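Just the one chain here, laid out as structure tokens, in the form predicted on its own.
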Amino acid sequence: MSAKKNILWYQNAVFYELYVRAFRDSNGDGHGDLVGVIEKLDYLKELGVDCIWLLPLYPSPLKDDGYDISDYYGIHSDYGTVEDFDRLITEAHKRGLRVITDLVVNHTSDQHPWFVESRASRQSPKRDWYVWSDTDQLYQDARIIFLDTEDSNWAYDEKTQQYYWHRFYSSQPDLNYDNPEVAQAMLGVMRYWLDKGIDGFRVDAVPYLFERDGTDCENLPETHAYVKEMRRFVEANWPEAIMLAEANQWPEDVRAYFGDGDEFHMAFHFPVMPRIFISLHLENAQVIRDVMARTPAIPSGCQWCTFLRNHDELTLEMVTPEEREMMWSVYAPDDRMRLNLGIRRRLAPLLGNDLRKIVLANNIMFSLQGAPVLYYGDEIGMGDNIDLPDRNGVRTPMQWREGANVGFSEAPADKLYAPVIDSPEYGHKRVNVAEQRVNAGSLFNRMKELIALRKRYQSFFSGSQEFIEVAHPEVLAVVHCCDKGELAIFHNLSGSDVSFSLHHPPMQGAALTEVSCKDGRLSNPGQPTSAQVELDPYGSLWLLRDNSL
């Protein structure tokens, strides 16, 4: 069955972020590959996700795990071939699964032929494909993103005795989008992969494409103008394909990247993510309500993406200094767990491997407007390895079954790209897909049920969203409305039972249905003054008022 059905497929899709190197090694070389992903497509279909997001696949020296691209038109040899990629797209679409890939537009590797030629001499035809300067004093208002490793956004080139600009690592020089040749070259890259049948791009590091002195070099008008050009190009040729923005900014700043519905189709909602963790620690829902209150409306046809964890650190850029210190103290007590302004840990360890809290955090994410994004392995509660450098500790092999190499690879253990998790709490004997599939109460099966629940009522998440007050500050209550009725979802952020009267007028005296009641219940339904919501510790309850009844 073809995955392509409708032009707004993404609005309520469930995305699955997949690191190919970590997922399944089909040829025994110790690295996950595209054929390995094909072998596991039925697993993803069983889980219930709609779209796979693949991290960078391109040839790369891997100084930044593939985000330093040396060839936009190839597949890294560890992952297979372009023909393997073509087969993956075909097999995914047969199962009704869509596929988007990472597109790194801001920079390349310093080993990319474009940059090799650019730095060859000041007279090089590609000199102006990158940002060069005689001085490192330009753009001083631009922040340094990787504070742990970089002390400047400029790097000196001995051969040509000029500086080149980089917003990330010095091995990742920024492209010069003031040069029309660069702008056209990136559209050519997009054409190549879209013609292969992918369903869109997650576009990396969007805010930094242009530089202007006297600004912070972020979110500039020129960037928005180029994004509009990208959108026109995609829409004219591949109308079902999407562009998803990675813009780690406040929601009011990200709002501009939707334009008038003529820029990105989707964008990540970064600030809500840390506030879910803050709320769980404080047992108070107010910080979630606050950040959602400052989230502006977006154009019809656009959508946020929500997430709990991903391949990077849990960013704490958009919290107060006090909240950041609290998050580090509670969720990263060991300094090795910290990176840049964030925390390099997976979801299960962050929440103390407490199944109730893990399910609740996902329930909160799934109850908010926006398309949920799951990170590979979090659906089974995988752990992390803080002894590995940088973000590698949250990019370890997927744990498929108990036993040697956790079913990831047939290679000798010392040939694996990274060691498997072997701790007593998170090792393969306790955390693996095979065991959780047959355990009805496992995290995998709870996530499978939650995905199915969200998809069953997806029409409500395209309507309006309202947060309602209840008598308990530890309860987050959100109501979704559409012409079919109302869907009210309640979350108990505390470790104690909670009970309260339901005073939301449209639901008072109405016939209500408990559509998810494992961790909560409604007593005396249909009574105007006595309907009671009862929530277990860290429990959630979904209630439906159906207009057709």
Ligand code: NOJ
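Because the structure is a prediction, the values reported are computed rather than measured. Don't overthink the numbering: it's just position in the shown sequence, from 1.
Keep in mind that the form predicted in complex with ligand NOJ is not shown, yet the notes after this line are about it.
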{"query": "4.5 Å heavy atom contact, residue 146 to ligand NOJ in the predicted complex", "finding": "yes"}
{"query": "Any non-hydrogen atom of residue 311 within 4.5 angstroms of ligand NOJ in the predicted complex", "finding": "yes"}
{"query": "Touches ligand NOJ in the predicted complex: residue 405 (any heavy atom, 4.5 Å)", "finding": "no"}
{"query": "4.5 Å heavy atom contact, residue 448 and ligand NOJ in the predicted complex", "finding": "no"}
{"query": "Contacting member of 87, 255, 94, 391, with respect to ligand NOJ in the predicted complex [4.5 Å, heavy atom]", "finding": "391"}
{"query": "Selected contact from 454, 265, 202, 338, since only one has a non-hydrogen atom within 4.5 angstroms of ligand NOJ in the predicted complex", "finding": "202"}
{"query": "Location of ligand NOJ contact in the predicted complex, chosen stretch of 496-504, 60-68, 39-47, 24-32 [non-hydrogen atom, 4.5 Å]", "finding": "60-68"}
{"query": "Contact set, 135-173 vs ligand NOJ in the predicted complex - heavy atom within 4.5 angstroms", "finding": "146, 168, 172"}
